[in-house]
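Only one chain is given next, in structure tokens, and it is the form predicted alone.
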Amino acid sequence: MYDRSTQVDRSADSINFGIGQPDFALLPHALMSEVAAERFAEGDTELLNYGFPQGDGRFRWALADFLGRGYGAAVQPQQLMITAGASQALNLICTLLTRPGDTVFVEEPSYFLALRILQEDHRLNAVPIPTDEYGLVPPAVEEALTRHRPVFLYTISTYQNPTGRTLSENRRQQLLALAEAHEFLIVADEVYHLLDFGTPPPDPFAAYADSGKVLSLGSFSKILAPGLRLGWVQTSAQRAGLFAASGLVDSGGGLNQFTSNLVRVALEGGGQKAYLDSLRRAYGQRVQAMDAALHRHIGDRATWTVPAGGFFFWLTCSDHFLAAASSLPAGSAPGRFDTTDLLDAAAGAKVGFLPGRRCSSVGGLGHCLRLCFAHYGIPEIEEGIRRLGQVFDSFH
């Protein structure tokens, strides 16, 4: 069984590509030490007190400037609601805007822990919408709208978790038009949007925040450090104010006042941008290494698209591998084999992955698996994929 914990056992000798988080060796210890020292040297104690409900004003100005440069479109501080990460933002959205039994649309596949927030924590009816190589399929959304009235559509529109795919510009416009016509919200999880490896993606949904139909989720977990637990919602100023007026925020003050004061120094001093540039280079090299290793050790037993950003490869097992693994005659329709069946053999080979079924809201996608290239260096990536190839060999 795949461990749901976000903690990592660094003593383990297994190479677990199911871990969807940064490499410990890449985390910005020196940068955060420097900005903490600089902020404390200012001498005031404001950062240790309750914060402004919508988020520290200086931090929101700095974040708006950083995002504006990254997105190529102006961002206003009043559009930003500061949160304790994107997951907390999604939970807050569900708490304020939904009730148990409400319908939401989700991509098939989608981020498995977001599905848990929606389906288990808030008991929402998650209706899966098909995706293809260009992302969410708008005609499928239109068809689902003939049968359902969703509160919102949850999409990871850029370098999607788990597939690595990016929604095309044309489809983004189609979804915005559907949201306007059918009065639902688009909750766009855009935590990977700035993590491209060369060619920038289409404009984020955040660029349409003033439409009143978009809630764009961002986070420093992927571009700085997950332990900061710092993120934001970009939306219309009116809706941002509604989040700031919630009971949770009213009682506790601004979410993550202390950390935002430190990260503000990294934004203003250019440290965040320099670090992000270094991540792009490091991850781009790891993508190339994993792609080459997959070709060597997995070959035609699966198909994949090389991601242009983000954290993940998504492998779809080929029909001939599924048929062989299922002990079916050649040409038979595969169906009995599931990538969860590989887990015991993978554990024996000291390698891990996330089975596709975990990324489905309806228990499908048993022929797929997710691999993260962000957590390990190139030597470990090459060795881990070699081990995974041995696991595939044992089923073929």
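Bear in mind that the values here come from a model prediction, so they are computed numbers and not experimental data. One-based numbering along the sequence shown.
The next section is about a form of this same protein that is not shown, the form predicted together with another copy of the chain.
Peer 1: Only one of Cys317, Ala240, Val106, Leu255 comes within 4.5 Å of another copy of the chain in the predicted bound form by heavy atoms, so just point that one out.
Peer 2: Only one option qualifies, and that one is Leu255.
Peer 1: Have a look at Gly51, Gly352, Gly366, Gly70 for me and say which one sits with a heavy atom within 4.5 Å of another copy of the chain in the predicted bound form.
Peer 2: Selected residue: Gly51.
Peer 1: With the partner left out of view, is Asp338 within 4.5 angstroms of another copy of the chain in the predicted bound form by any non-hydrogen atom?
Peer 2: Result no; Asp338 lies far from another copy of the chain in the predicted bound form.
Peer 1: Taking the shortest heavy atom distance, is Arg172 within 4.5 Å of another copy of the chain in the predicted bound form?
Peer 2: Contact with another copy of the chain, no.
Peer 1: Report yes if any heavy atom of Arg60 sits within 4.5 Å of a heavy atom of another copy of the chain in the predicted bound form; otherwise report no.
Peer 2: Within the cut-off, so yes.
Peer 1: State yes or no: in the predicted bound form, is some non-hydrogen atom of His295 no more than 4.5 angstroms from a non-hydrogen atom of another copy of the chain?
Peer 2: The answer is no: His295 has no heavy atom within 4.5 Å of another copy of the chain.
Peer 1: In terms of non-hydrogen atoms within 4.5 angstroms, which of the given stretches 278-286, 90-98, 130-138, 178-186 touches another copy of the chain in the predicted bound form?
Peer 2: Selected range: 90-98.
Peer 1: Within 4.5 Å of another copy of the chain in the predicted bound form, do we find a heavy atom from each of Lys222, Ala225 and Ala245?
Peer 2: The answer is yes; Lys222, Ala225 and Ala245 each reach another copy of the chain.
Peer 1: Judged by heavy atom distances of 4.5 Å or less, which residues of 28-62 approach another copy of the chain in the predicted bound form?
Peer 2: Heavy-atom contacts within 4.5 Å come from Pro28, His29, Met32, Ser33, Ala36, Phe40, Gly43, Asp44, Thr45, Glu46, Leu47, Leu48, Asn49, Tyr50, Gly51, Phe52, Pro53, Gly55, Asp56, Gly57, Arg58, Arg60, Trp61.
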